[in-house]
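Next up is one chain by itself, shown in structure tokens, the form predicted alone.
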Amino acid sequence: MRRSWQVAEVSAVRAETARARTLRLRFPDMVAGVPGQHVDLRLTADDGYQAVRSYSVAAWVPPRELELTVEELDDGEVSPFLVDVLAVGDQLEVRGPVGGWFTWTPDRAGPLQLIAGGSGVVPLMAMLRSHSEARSAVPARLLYSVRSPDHVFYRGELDVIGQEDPQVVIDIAYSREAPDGRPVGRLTHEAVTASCFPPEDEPVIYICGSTGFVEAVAAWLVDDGHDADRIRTERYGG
């Protein structure tokens, strides 16, 4: 972990949804980390006021770049600037990468189960990308709950991974609006059980989303017989 602040330059931006976009940051020196880690961003206003926010790393781009995906919040102080204003060539103060518990690397044994709610898919996408880049033989599943097709991050890339990587199964659940023929509704205990590896497979499980989502899904998995020590969680929001 780099504990001091450094300046990174925005080298590229791309839209993920109408309210979210990915920022590629270029650092002056080599930057490396582990899927699941995050970085801190610090913004300073003209009057000296500072705001610090943490964002999960969506992708590592050796040797000097990484990507963050930011979703704009209605009451956000920082996210509207990052999504709507920040441009290629702008600079940001960055600290990190940070984190060691909510991380995964391709050398880890056992099936990989990823469960995301909304923008909680970001650190899990870093894990899925690492899995595919390493051509890992570890079976992996992603259960991704979103409001509608317009809220899906990384839509094209997820389609490609799901079609081309025989070790990966991707299941997207829609809570408000779904493509024709797909069920609509909040994720249920039954749906989670059906989509995830069974307890006897001893998967390592990563859950990321809002606090309520994470707590509900983790409790269902424990009720199903999964070892709580193999469930790792990350929350956003209050």
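All values reported here derive from a predicted model rather than from experimental measurement. Start at 1 and count along the sequence shown; that's the residue number.
What comes next is about the form predicted together with a small molecule, which is not displayed.
Residue in contact with the small molecule in the model of the complex (any heavy atom within 4.5 Å), chosen from G76, G162, P106, P111: G76.
Among heavy atoms of P80, some come within 4.5 Å of the small molecule in the model of the complex.
None of the heavy atoms of A126 is located within 4.5 Å of the small molecule in the model of the complex. Put simply, S210 is close to the small molecule in the model of the complex: some heavy atom of it is within 4.5 Å.
When contacts are judged by a 4.5 Å heavy atom cut-off, V122 counts as touching the small molecule in the model of the complex. Heavy atoms within 4.5 Å of the small molecule in the model of the complex are found in one stretch of 165-173, 49-57, 178-186, 198-206, which is 49-57.
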